[in-house]
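Only one chain is given next, in structure tokens, and it is the form predicted on its own.
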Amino acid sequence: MSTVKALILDPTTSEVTLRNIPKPTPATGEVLIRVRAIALNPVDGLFIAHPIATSDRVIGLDFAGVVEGAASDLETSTDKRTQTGARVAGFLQGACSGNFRPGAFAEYITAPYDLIWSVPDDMPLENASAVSMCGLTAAQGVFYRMGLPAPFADTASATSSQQAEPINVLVYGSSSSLGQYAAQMVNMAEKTSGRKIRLIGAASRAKHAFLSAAPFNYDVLVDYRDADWPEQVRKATEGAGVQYAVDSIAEGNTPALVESTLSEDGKFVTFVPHSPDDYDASKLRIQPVYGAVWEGLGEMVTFRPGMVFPADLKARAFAASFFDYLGSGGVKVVPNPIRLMPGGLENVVADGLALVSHAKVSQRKVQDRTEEYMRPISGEKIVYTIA
């Protein structure tokens, strides 16, 4: 097989088509992966509608598959992820940067072996495909950027086990894909530190029972539709305020509302706004901490015109530690619920990308489709099996 099928973006027209491209060859430190499942993210649609890529590019971030080969420098490696037949998952950058980095929505891809993780035998590859990008985003926010203690890396922390009062942590958008992983990371931090963390979530009331149970284990839940939800959060902290918060939505006034729940020395993480219309962080009392998940890949990222994240080897080392931890035996995180879609790569544009809108959460449209699999999505990942 000299060519493989892949979904290619033409940035001059914002059109994505299924084409044949040369089968990739792993570079130093990389493995060749036969893709068996892909998961879609809203950012996939964002950078199709508003391309950063300046040349034709394989799109897509999240994947899972089977290793079919490795670069010559890995011939003597004993790492499980370099072995033929290994079940692995990870994410690539795709069309999400001006620098050329192919994406994951293809029959075959290559990836650095230390930035993928070994999928447990009892986890289907379809489920594993929904973990990597969003899971790392949550880990970066909770551990790397806010400093809560991680079970797999040294992170600066103020959660001394000698202190009696619980740490208050808020996750806004708790039922979102990112919110679900953030809660699991906070639970890891509690176990690692040995100190009680009061986990507070803001989500629709219909999701409260789901979020109260394992693996999320929220202590307090409020409905973000209630006008006074920030006051409810402050009351739940018994006057202490929230020490750490994750805004997994980051639209309009959500950063300001989350910031209003913080204690005087509180910290919160959110996303870099894609446009000045998203929100104005300069007006906030406490500035959010943010970055780009692609920093974990260790190369320069052009996030949007005028915003460039330089190559960050520390962020890459953190990502490598996280992925090594995920694959170190047993299920470390519970994947988002998935919706397995019919068809394969040929159906992604017409069906999957139509569902995973790049629009703001508050502005997403209901599709004029009658198929059951085209119902609106909520807190789940759209996944395709690649034959």
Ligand SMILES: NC(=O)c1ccc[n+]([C@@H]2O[C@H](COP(=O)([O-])OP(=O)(O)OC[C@H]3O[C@@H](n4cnc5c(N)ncnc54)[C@H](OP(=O)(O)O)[C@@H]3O)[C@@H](O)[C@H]2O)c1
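Model, not experiment: these values are computed from the prediction. Start at 1 and count along the sequence shown; that's the residue number.
Another form exists, predicted together with the ligand; not displayed. Remarks below refer to it.
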item	value
Contact test in the predicted complex: Met133 vs the ligand, heavy atoms, 4.5 Å	yes
4.5 Å heavy atom contact, Gly173 to the ligand in the predicted complex	yes
Close approach of Tyr290 to the ligand in the predicted complex, 4.5 Å, heavy atom	yes
Non-hydrogen atom contact Gly379 with the ligand in the predicted complex at 4.5 angstroms	yes
Residue (of Val333, Val43, Ile52, Leu345) lying close to the ligand in the predicted complex, criterion heavy atoms within 4.5 Å	Val43
Among the candidates Leu178, Ala315, Met146, Met185, the residue which, in the predicted complex, approaches the ligand to within 4.5 Å (heavy atoms)	Leu178
Per-stretch contact check against the ligand in the predicted complex, the hit in 233-241, 218-226, 94-102, 123-131 (non-hydrogen atom, 4.5 angstroms)	218-226
Check all three, Val246, Thr261 and Ile286, heavy atom within 4.5 Å of the ligand in the predicted complex	no
Those residues of 54-73 which, in the predicted complex, come within 4.5 Å of the ligand by heavy atom	none
